[in-house]
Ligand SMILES: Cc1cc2nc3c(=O)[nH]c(=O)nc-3n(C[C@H](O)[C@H](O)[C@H](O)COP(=O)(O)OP(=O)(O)OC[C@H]3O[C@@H](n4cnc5c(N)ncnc54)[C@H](O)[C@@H]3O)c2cc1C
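Below you will find one chain, with nothing else, as structure tokens; this is the form predicted on its own, and questions on how it binds or moves follow later.
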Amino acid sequence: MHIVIIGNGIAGNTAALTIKRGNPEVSLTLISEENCPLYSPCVLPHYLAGAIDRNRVFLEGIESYSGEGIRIILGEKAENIDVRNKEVSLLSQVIPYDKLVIATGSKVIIPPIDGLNKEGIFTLKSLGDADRLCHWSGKEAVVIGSGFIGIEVAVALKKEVIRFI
């Protein structure tokens, strides 16, 4: 039995670990478009504020996957899923599967506002988004979204250091 999981977030990792711990003989491949191991998106505003180093964002190291018997493919997007032949196509290879789990998470909702396609407009959903924002040298910011992440990003951009206890 070979199981393929598309998505390296909490859902994909929880599925992978649950499957492997319940049936260690199962062959399991986890695919991630991002080029890094599991990280917490909840701490991205703290990383953005400089309150934590980038390496503290990660919840697992690459070695954790092999230690659990999980083959991981980072930095490759699932380009096509052929459900008839049970294959996932990446740019570099085609991976056959017996069972497939899609755990890709949500997408950022960008409101239909003119000008949101200009330079200096960012979303904050991934570590890559946070890295791009950290390297931007703007002096003013407008945050659209007043949920927990939006508020924390506004605080981070204000450079108020958040302390962990």
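Keep in mind that what you see is a predicted model, and the values were worked out from it rather than measured. Residue positions are given as counts along the sequence shown, with the first one as 1.
Unshown form predicted together with the named molecule; subsequent notes refer to it.
- The partner is not drawn, yet in the predicted complex one stretch among 134-142, 118-126, 50-58, 92-100 has residues with heavy atoms inside 4.5 Å of the named molecule: 118-126.
- Within 4.5 Å of some heavy atom of the named molecule in the predicted complex lies at least one heavy atom of residue 31.
- The shortest heavy atom separation between residue 69 and the named molecule in the predicted complex exceeds 4.5 Å.
- Contact between residue 6 and the named molecule in the predicted complex is found at the 4.5 Å heavy atom cutoff.
- In the predicted complex, at least one heavy atom of residue 77 sits within 4.5 Å of a heavy atom of the named molecule.
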